[in-house]
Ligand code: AMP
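Shown here is one chain on its own, the form predicted alone, set out as structure tokens.
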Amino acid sequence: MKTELIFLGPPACGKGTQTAKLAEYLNLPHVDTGSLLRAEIQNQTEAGIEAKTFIDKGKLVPVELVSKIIKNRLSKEDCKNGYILDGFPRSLEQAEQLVKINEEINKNSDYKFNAIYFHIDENLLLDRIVNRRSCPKCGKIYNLLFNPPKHEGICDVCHVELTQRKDDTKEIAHSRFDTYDRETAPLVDYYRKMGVLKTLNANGNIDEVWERLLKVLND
């Protein structure tokens, strides 16, 4: 049976870090919507140029654009046993699109679907966002307060200078929180009513949250 998981939660709640670990643990692909969109932007495709105008303002990318990218990714061979989807859906409209996508890619397959909700304090989120840095080469993510590199400003793996995303500022962070509360938070109730929601306490360090995640999945 295919295992299909999505992760819900506000920006910088730790979804990316934990889902990467879980993907390796379960031997499933970690489908990170943000990385897919950034690849489009880096390659300066038509979709990437359009997506960038929304991301730079802390807004959500239109559902039609994201859905097209997601469907193509989930249809690939490495997703035949399931996937861990991070960053999608972010609205009820996207959730409905995901239902359609799953119906198409799972025509002859049995699958189990769950939504994991990362519940976290907003003040901690702000600290995570403004202190977040990433490696432009390998994509590894650091936090200057909670998970700093061994050498200030330098990636431990690639030894290149770390960068800060343009949207990792207090002003844009608050805008992203407002967008999340308005458009994404209703998904918690949506999946709870479907009976597929699991809630995770995402406050704490990486190891603490990881242990809670494994317990939630086994409950």
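In this text, all values refer to a predicted model and were calculated from it rather than measured experimentally. Numbering starts at 1 and follows the sequence shown.
Only in words, not in the display: the form predicted in complex with this ligand, which the text now covers.
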For this session: Report the residue, out of 155, 31, 37, 187, that has at least one non-hydrogen atom within 4.5 angstroms of this ligand in the predicted bound form.
Result: 37
Exercise. Just one of 128, 90, 133, 73 has a heavy atom within 4.5 Å of this ligand in the predicted bound form. Which one?
Worked result: 90
Exercise. Where does this ligand sit in the predicted bound form: which of 98-106, 81-89, 142-150, 118-126, heavy atoms within 4.5 Å?
Worked result: 81-89
For this session: Indicate whether this ligand has at least one heavy atom within 4.5 Å of a heavy atom of residue 50 in the predicted bound form.
Result: no
Problem set entry | residue 68 within 4.5 Å of this ligand in the predicted bound form, heavy atoms | no
Exercise. Does any heavy atom of residue 60 come within 4.5 Å of a heavy atom of this ligand in the predicted bound form?
Worked result: yes
Problem set entry | Non-hydrogen atom contact residue 162 with this ligand in the predicted bound form at 4.5 angstroms | no
Problem set entry | Contacts with this ligand in the predicted bound form, stretch 146-185 (heavy atom within 4.5 Å) | 165, 167, 176
